[in-house]
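Heads up, the chain below is alone and in the form predicted on its own; it's given as structure tokens.
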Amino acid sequence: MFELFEYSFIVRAFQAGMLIAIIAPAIGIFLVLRRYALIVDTLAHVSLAGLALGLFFKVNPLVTAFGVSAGASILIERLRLSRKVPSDAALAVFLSGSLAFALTLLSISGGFNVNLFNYLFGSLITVGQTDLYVIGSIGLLVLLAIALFYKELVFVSFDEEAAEVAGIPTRVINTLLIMLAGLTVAIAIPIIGALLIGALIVIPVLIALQFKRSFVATIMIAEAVSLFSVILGIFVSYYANLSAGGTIVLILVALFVLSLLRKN
């Protein structure tokens, strides 16, 4: 059963997957509480544009995805704060615009290719050694930022107005939150895929919230659910020859349904 660990690409997939499984709920809890869940899908499409840019110029797609996601995160928050357009409309502009940009680059470069398909839906063979180093570095940066600004993130998530009155720079914290979400989306793409990453960030948190525990306990439950889903999903996808991202998300959806059926 464990002969799959004889393959280096599987070992890299597990290493990247477990790191992503830890980071995703850690940032997802703040997004869900702030009702920012839809931003994840927008950032996923933005990252897709970054991936297409990297593939077009033949550089590491993850690096371009990080850069595009970070830049778009800042622009999204500034547009939201300007109140010139409704927040959901601003997200729609970035979502559709990023997708259109990605499709245009694909048309110029000659159409769809296998590499982009892997990034869309996740693949065990997508993660190279360089990708693993990039994922690890950015992942640790995200976790460090969450640790450093944990109190501010919690305060703003529960009561933004009170946090502003207390002297917390809410605009800075909101921008930081969206940037961390963008980076999390980008590093998760190789395993989960750009079109499915929202599920790993949001669903474990939704499952944990069904248990109605303390904030810290909710994060721990979400982390456990995320790790279980990613590890089981990689095992199942390898032996059943399925998409890694799709398998992981289906496991999460099944766990979410079970959590809803659970008697409180």
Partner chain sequence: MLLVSNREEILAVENVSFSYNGETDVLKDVSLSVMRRDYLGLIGPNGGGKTTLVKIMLGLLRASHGSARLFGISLRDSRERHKIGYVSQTAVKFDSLFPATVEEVVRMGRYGKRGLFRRLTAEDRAKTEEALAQVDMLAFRHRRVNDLSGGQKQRVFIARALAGEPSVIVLDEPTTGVDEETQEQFYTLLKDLNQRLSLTLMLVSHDLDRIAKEVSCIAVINTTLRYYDNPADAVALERSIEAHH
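Small disclaimer: the values here were computed from a predicted structure and weren't measured. Numbering follows the first chain given and starts at 1.
Although it is not shown, the form predicted together with the partner chain is what the next lines describe.
Q: Would the partner chain in the predicted bound form be within 4.5 angstroms of a non-hydrogen atom of every residue among 158, 162 and 213?
A: Yes: each residue has a heavy atom within 4.5 Å of the partner.
Q: Given the stretches 235-243, 29-37, 192-200, 63-71, which is the single one in contact with the partner chain in the predicted bound form, using a heavy atom cutoff of 4.5 Å?
A: Result for this chain: 29-37.
Q: Name the residue from 138, 168, 79, 99 that puts a heavy atom within 4.5 Å of the partner chain in the predicted bound form.
A: Spelling it out, the residue with a heavy atom inside the cut-off is 168.
Q: Can you pick the one in 146, 95, 154, 120 that has a heavy atom within 4.5 Å of the partner chain in the predicted bound form?
A: For this set of options, the contacting one is 154.
Q: In the predicted bound form, does residue 231 have a heavy atom within 4.5 Å of the partner chain?
A: Output for residue 231 is no: heavy atoms all beyond 4.5 Å of the partner chain.
Q: With the cut-off set at 4.5 Å between non-hydrogen atoms, does residue 209 touch the partner chain in the predicted bound form?
A: Output for residue 209 is yes: heavy atoms within 4.5 Å of the partner chain.
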